[in-house]
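Before any questions on how it binds or moves, here is one chain, the form predicted alone, in structure tokens.
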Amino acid sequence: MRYDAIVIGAGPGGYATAIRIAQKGKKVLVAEKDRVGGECLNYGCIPSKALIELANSIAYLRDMPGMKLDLSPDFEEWQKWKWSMVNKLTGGVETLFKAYGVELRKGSATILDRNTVRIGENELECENLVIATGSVPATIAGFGDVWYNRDILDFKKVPESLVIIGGGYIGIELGTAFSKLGSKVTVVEMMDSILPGVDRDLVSPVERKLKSLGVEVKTSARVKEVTRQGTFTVKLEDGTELNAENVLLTVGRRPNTEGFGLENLKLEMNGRFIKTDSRKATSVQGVYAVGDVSGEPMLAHKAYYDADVAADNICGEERHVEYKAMPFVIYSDPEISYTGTKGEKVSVFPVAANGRSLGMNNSVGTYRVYYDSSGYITGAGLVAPHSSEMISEVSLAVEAGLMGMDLGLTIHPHPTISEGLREAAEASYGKALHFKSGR
């Protein structure tokens, strides 16, 4: 049988591409060697946010004035619940495959040429090939026996002490969560600030919160050696030694381009990534790449977007990517969310002036709306509780070409955290109700 498309990888980029192609009446097959849903649904986005939600809930109740609690979570039971929840999601994807006629083949795929893929003993032919093999954690030689994201999310007992090597978003998210669950957490970051590449105005409130939680942050620090004799010893280049029950290594991810015959296509590469054009097409006709393997940013929602574009082009509908308002979210405390660009001007509204946030016993953070000299919104940076649920409003404003006044005149329900975003937009034309800035 010859397929209209074969997709290698059933993570967010792969399964979304397959479903989109099938929705247009095409014959498509997906090959997956591990679990449907990929890293995101099984080992990353979904389980990590479930853990963060648990840690936030415990900390919320513990820190609320007047509350006296004696919580003893059973993490073996929690792990069972987590996997049952993950299985519902991944099972849902497999159900959609069946509903749309997507053929799923479990097993390792090997690319023989642009039209032929071998899975097991079967050689399958296709008109189009989609590479959606995702990414894997970056490793450091000699740092054996440490935890990576998969290991730490399957923990059965909260470690008494935890050293996290890498102060990027994964390290900060999980470090915050484990601190709230009772671990003594130390974060080691080689750059001069945690969350490198994120605007300092957005990072500062998170640094203050980490300090209040008792998380020790060591920046401009390089790890020389990690050894284990019962417990771990992390030696820094300046001679400092850190001892911990466990060590988590989170120094980034790299695209998964090995072990499935990619070299047989002789594709043009962009460093370690597969180079694609605005149609998500590679340098070889009929071959596409989506998601992490096709370039930064390595985000699940970017993979979903890539999937839509690739599927449309495979089905003969000309479409191009435009990452004009790509939202980024860091599930820290408070959450950091940003989108678009900084623009020429910024208006600010403090979380401490938002009634809903104060009712949640949270006064840390700011709403920052970026706009140009004509008042058009170019982006925003939000450091606030549940800011991840608000940032899409700004992405829409950027995509739609809205002005600060458009958001400011939009009625937001009260009391909500989203009111702070409206007031930040009002501040762009000097009309914030609950805060007088020096504009």
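Keep in mind that this is a model prediction, so the values were computed, not measured. Don't overthink the numbering: it's just position in the shown sequence, from 1.
Quick note: we don't show the form predicted in complex with a small molecule, though the next part is all about it.
Contact annotation for G295: none of its heavy atoms lies within 4.5 Å of the small molecule in the predicted complex. Contact annotation: V329 falls within 4.5 Å of the small molecule in the predicted complex, judged by heavy atom distances. Interface membership of I170, defined by any non-hydrogen atom within 4.5 Å of the small molecule in the predicted complex, is confirmed. Contact between P196 and the small molecule in the predicted complex is found at the 4.5 Å heavy atom cutoff. In summary, the region of this chain contacting the small molecule in the predicted complex, judged by heavy atoms within 4.5 Å and restricted to 244-252, 262-270, 205-213, 113-121, corresponds to 244-252. The contact residue chosen from L96, M191, A352, V284 relative to the small molecule in the predicted complex is M191, the criterion being a non-hydrogen atom within 4.5 angstroms. Note on contacts: among V158, A221, V321, C315, the single residue with a heavy atom within 4.5 Å of the small molecule in the predicted complex is A221.
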